[in-house]
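First, one chain by itself: the form predicted alone, in structure tokens.
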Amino acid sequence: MPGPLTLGQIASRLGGRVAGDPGILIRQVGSLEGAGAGQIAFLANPKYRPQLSATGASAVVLGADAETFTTLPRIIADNPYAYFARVSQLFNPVVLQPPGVHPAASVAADARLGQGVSIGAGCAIGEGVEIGEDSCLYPGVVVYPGCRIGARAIIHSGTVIGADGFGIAEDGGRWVKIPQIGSVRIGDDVEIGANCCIDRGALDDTELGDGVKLDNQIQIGHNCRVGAHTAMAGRVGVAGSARIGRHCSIGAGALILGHLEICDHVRVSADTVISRSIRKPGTYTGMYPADGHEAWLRNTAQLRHLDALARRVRELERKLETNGGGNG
């Protein structure tokens, strides 16, 4: 583990402004609630301000709007959360598998592996696969033939890249399989969590842009395109041929229906179902709040009559306008 750094040394490496003693020694990061001496914590959400006053941390990272909330030594940063992430990297460098192919992995003879690639035990790398330099595939990753993965990718255990997309056509009550002849193309600096499925395209390739970050148990359907630096939390499902822009964030459990387009800089809240294209940046939410079961049943029953109620309101408005015009 790296040695301790003073608060001033941290700021000199990462930027930010020090308030208080720059010589305080920091050995590790911690949470506001759990940190102790020698640790640095952060405040990014105002609702945790009570924990700031009680923290045992030696120093904190916070924004300029919160600078006066504490007298502890502190670093003032424009984005405290991102700054804290970089501080954590200083004390906890990412440790990947050692480069090379594990003896228990299977790699096709014509697969092309860049310098420094690490292939874990139980991985299966198909024919014609290309994997860029310094990428790390943890044990049990499967990459089907013809897929391409960029440089510095991190792919966690159980993920399958390039399995057939769900392409079937109904014919006389029977399903006919549509051959999935596309591939999967993954950009540089992509991280894919455990047990994800990135399906190959039916005709064109499925694509993940540079810097995409996927949490665990995510499904990306065939022919989807995910723009650079978009992030998705766990259990997101993206149906086939959806187009998602750059710098989007998709909350846990969200569903994106197929053949839709989502523009750049869109935030989708957890458990939201996107059933139409989004062409304007912003935050979109479609959650139905939990309630007591009986109240939920009553409210749901009322929602079923919402269209009829809207029609009645419009009819009443028309009558009022007619009567008002007659009195004029």
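Throughout, rigid core stands for the largest set of C-alpha atoms superposing within 1.5 Å between the two forms. Note that residue numbering follows the sequence shown and begins at 1. Bear in mind the structure is a predicted one, so any value in this text is a computation, not a measurement.
Missing here is the form predicted in complex with a further copy of the same chain; even so, the following discussion is about that form.
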query	finding
Candidate from A194, L72, A151, I76 lying within 4.5 Å of a further copy of the same chain in the model of the complex - any heavy atom	A194
Residue among G128, G114, G211, P99 with a heavy atom within 4.5 Å of a further copy of the same chain in the model of the complex	G211
A109 within 4.5 Å of a further copy of the same chain in the model of the complex, heavy atoms	no
Distance check, P46 to a further copy of the same chain in the model of the complex, heavy atom within 4.5 Å	no
L62: touches a further copy of the same chain in the model of the complex, heavy atom cutoff 4.5 angstroms	no
R200 within 4.5 Å of a further copy of the same chain in the model of the complex, heavy atoms	yes
Members of 262-283 lying within 4.5 angstroms of a further copy of the same chain, judged by heavy atom, in the model of the complex	S269, A270, D271, T272, V273, I274, S275, R276, T283
D78 C-alpha moves between this form and the one not shown by 2 Å or more, core aligned	no
Per-residue C-alpha change between this form and the one not shown, Q97, threshold 2 Å, rigid core fit	yes
Core fit, then S31 C-alpha moves 2 Å or more between this form and the one not shown	no
